[in-house]
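Quick heads-up: it's one chain on its own, the form predicted on its own, in structure tokens.
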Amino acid sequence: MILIIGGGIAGMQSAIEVTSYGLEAAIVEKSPYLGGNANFLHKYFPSMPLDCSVCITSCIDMPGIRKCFYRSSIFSLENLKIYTNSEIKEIKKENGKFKVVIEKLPRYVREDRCVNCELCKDACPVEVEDNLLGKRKAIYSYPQPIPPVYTIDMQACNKCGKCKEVCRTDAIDLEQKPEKIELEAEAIIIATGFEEFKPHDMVEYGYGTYKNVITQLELAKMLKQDNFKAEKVLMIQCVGSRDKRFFAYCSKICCMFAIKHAIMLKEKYPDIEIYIAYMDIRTPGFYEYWYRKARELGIKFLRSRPGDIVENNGKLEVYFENTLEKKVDKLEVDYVVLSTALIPNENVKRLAEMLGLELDEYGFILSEDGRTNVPNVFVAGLASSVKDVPETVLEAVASTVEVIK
């Protein structure tokens, strides 16, 4: 059995590849549903036109054809077990195999009985704000979720029992307890993905102080919820990236991230003014098309490094040096969107300690062709370095080839 840690793009693609060779696999994902950061991205490169962000895995039914992973049949693979709402608690290597202990947290809805009928959601009286869904009930699911099962946010739930009253399959179990699962794996693929650097320490930008200073991933969530409104927007590149105070490396996909969102906003709101403050624009290969398209749409690129942001009567005044015109200028905008560094998921360090993995100075797993310093432990996706979606999928395929050698 092959253990795959992480159920995002890399993890799902690894699972598809591993099982296609007839091997058994298990995905362990800490959130209630598969998809990882792709759940939040709304639209993504490099397809044209921009597709839904979850159109990122190969189709199982028609190999070689890219298809929405919600329709990829991954949940129906007989030789794949999916453990969502789950976390690795212990890994030990014995006799060449990995003994793994997993803690599966309760979702308070039985996966073997839920039919995703929505009756429970309609009956729930509690409504909360959600990063992905906007307003949702205490019992909820993602659009076309994997697995297709509801889950209860027990921090919001008042245990009124109305969901249980309407459930026709008796799937609601408000007393469900954590479950301990033990597995034995011949190999492990780590596909824990990335996190977005939160620049609270970069006080010049006012992140966490001004509500209209947000990150690109936060903007993606707002676009997905269709609740972003502005007349003038400034995007600032290389926030935390290429900065010796934080992360000296280039986060590689931030230019495309910003350009994608700028184009989406400009096409939806033609009168909106969008500025992108950059150090260098890095759009290799096919991505150059999008850079040119952005300029044709009237998106303005400022070669500058903003130095201060001040809120004034609900607007944000941004002071910056225009390095092309060699002058200090000011721009008043409704929103500032920060393209921040992409960093390893917080679980990487903990897994590295369990397995004895070597990390680089920034916390990424050191690897070569998907192989780590630990035999039979492989890595795919952004757990080892920053990369875009096509690279992530290719690395997941390559790691699988290393596994079966």
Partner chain sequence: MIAEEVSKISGENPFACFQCGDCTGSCPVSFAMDYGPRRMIHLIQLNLEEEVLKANTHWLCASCYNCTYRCPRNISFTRISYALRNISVKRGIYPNKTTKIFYEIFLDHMLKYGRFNEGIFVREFVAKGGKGLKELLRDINLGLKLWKKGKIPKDVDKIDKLDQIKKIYEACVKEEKEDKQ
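In this text, all values refer to a predicted model and were calculated from it rather than measured experimentally. Numbering follows the first chain given and starts at 1.
This protein has a second form, the form predicted together with its partner chain, left out of what is shown; the following refers to that one.
For Leu324, a non-hydrogen atom is located within 4.5 Å of its partner chain in the predicted complex, even though that partner is not displayed. A residue is said to contact a partner when one of its heavy atoms sits within 4.5 Å of a partner heavy atom; Ile146 fails this definition for its partner chain in the predicted complex, lying far away. Using a 4.5 angstroms threshold between heavy atoms, Phe301 counts as touching its partner chain in the predicted complex. Under a 4.5 angstroms non-hydrogen atom cutoff, its partner chain in the predicted complex lacks Glu165 among its neighbouring residues.
Look at 210 to 218, 177 to 185, 283 to 291, 93 to 101: in the predicted complex, residues with non-hydrogen atoms within 4.5 angstroms of its partner chain sit in 283 to 291. Scanning Phe228, Tyr275, Tyr83, Tyr205 against its partner chain in the predicted complex with a 4.5 Å heavy atom cut-off leaves one residue, Tyr275.
Comment: its partner chain is not present in this chain, but in the predicted complex one of Glu296, Glu129, Glu78, Asp201 has a heavy atom within 4.5 Å of it, namely Glu296.
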